[in-house]
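Below, in structure tokens: the form predicted on its own, a single chain.
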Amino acid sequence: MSGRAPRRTGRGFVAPALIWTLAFFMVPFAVMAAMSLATLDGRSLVWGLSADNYARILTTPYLRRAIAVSLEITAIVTVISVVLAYPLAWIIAFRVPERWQRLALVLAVLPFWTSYVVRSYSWLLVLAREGVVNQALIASGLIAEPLTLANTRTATVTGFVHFFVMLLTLTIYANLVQLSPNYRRAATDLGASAFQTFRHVILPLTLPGVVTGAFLTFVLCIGDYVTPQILGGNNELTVPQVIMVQLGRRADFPLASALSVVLMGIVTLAYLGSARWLRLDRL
């Protein structure tokens, strides 16, 4: 009896999370997966086990292009964010005095306190033909005519990087501050230079934080609709934009569901890859 009571107590604590996951993730995903196997007959939905929607994704150029664009933008954003976030996290962890680090972190997460839509429209104003960037370049004499920066992939990447650098900074900083100073001291005593200490000691020990932040960046970036819609316009459609087109303009719920399942599959592969790397890194 004494062993069963803790077991029942543990199940009681876990049950709310399981019920929440079942009700708001598993059941909707199952409905979406079933919908992706249905077809449209005019305006009527025909339930079945058809793979026509997935065949359309593979054979329709603009659908394949949307997947490629989403992957390209996500990869670019993830790499740039990691490259910018690591030095920022390093500076906060090792160069900012400890009594000021909390303030530095608060300043770093300020973008999270701003509405997502407001941030995107702010960047649209900054990158517009009459925006701050073009005016500064013209005033400095670097260009004679305004550059087309808004409604481009560059604008989309800029908006994403502005947000995700802060997210990655937090995950990397959390790893850096947990490192014992003795690791660096030992490496220095053994004759390692500052670069060698970073490459062979600090970087490998903080890679779990980098991988975790990169995965979060990947997931949030590839599934985002607002930033590409506002900053990228409709010049290059991403998968979330195509899904919204299918839902809002064509009412093609089966194809939208199939695209969502494909997007979920890409995220799952990214998770399995990052999880496998983290397991191998710990061996």
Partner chain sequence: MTRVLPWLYLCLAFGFIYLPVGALVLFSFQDGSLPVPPFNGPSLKWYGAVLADRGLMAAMLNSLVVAVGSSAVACALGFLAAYGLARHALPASGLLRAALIAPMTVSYLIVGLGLLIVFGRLGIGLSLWSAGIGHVVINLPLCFALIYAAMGGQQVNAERAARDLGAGEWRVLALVTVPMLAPAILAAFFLAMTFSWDEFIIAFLLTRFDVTLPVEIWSLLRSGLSPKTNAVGSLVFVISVILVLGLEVFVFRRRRQ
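Positions refer to the first chain, counted from 1. Here, rigid core means the biggest group of C-alpha atoms that superpose within 1.5 Å across both forms. Because the structure is a prediction, the values reported are computed rather than measured.
FYI, the form predicted together with its partner chain isn't displayed, but the following is about it.
Original post:
in the predicted complex, does residue 108 have a heavy atom within 4.5 Å of its partner chain?
Top reply: Contact check for residue 108: yes, within 4.5 Å of its partner chain in the predicted complex.
**OP:** Find out whether any non-hydrogen atom of residue 162 is located within 4.5 angstroms of its partner chain in the predicted complex, and reply yes or no.
**Re:** Residue 162: contacts its partner chain in the predicted complex.
Original post:
Is residue 146 close enough to its partner chain in the predicted complex to count, meaning some heavy atom within 4.5 Å?
Top reply: It does not: once its partner chain is placed as it appears in the predicted complex, residue 146 has no heavy atom within 4.5 Å of it.
Original post:
Would residue 256 count as a contact of its partner chain in the predicted complex, using a 4.5 angstroms cut-off between non-hydrogen atoms?
Top reply: Yes.
Original post:
Of these, 68 to 76, 183 to 191, 138 to 146, 112 to 120, which stretch puts a heavy atom within 4.5 angstroms of its partner chain in the predicted complex?
Top reply: Within 4.5 Å of the partner lies stretch 112 to 120.
Subject >> Of 212, 197, 158, 175, the one that lies within 4.5 Å of its partner chain in the predicted complex (heavy atoms) >> reply: Answer to the contact question: 158.
Original post:
Considering 57, 38, 245, 32, which brings a non-hydrogen atom within 4.5 Å of its partner chain in the predicted complex?
Top reply: Result of the distance check: 32.
Original post:
Along 221 to 249, which positions have a non-hydrogen atom within 4.5 Å of its partner chain in the predicted complex?
Top reply: Contacting residues: 223, 225, 226, 229, 230, 240, 243, 244, 247.
Original post:
residue 16: with the rigid core matched between this form and the one not shown, does its Cα shift 2 Å or more?
Top reply: Yes, the C-alpha position differs by at least 2 Å between this form and the one not shown.
Original post:
After superposition on the rigid core, does the Cα atom of residue 251 shift by at least 2 Å between this form and the one not shown?
Top reply: Residue 251: C-alpha displaced by less than 2 Å between this form and the one not shown.
Original post:
Can we say the CA of residue 26 moves by at least 2 Å between this form and the one not shown when the core is superposed?
Top reply: Residue 26: C-alpha displaced by 2 Å or more between this form and the one not shown.
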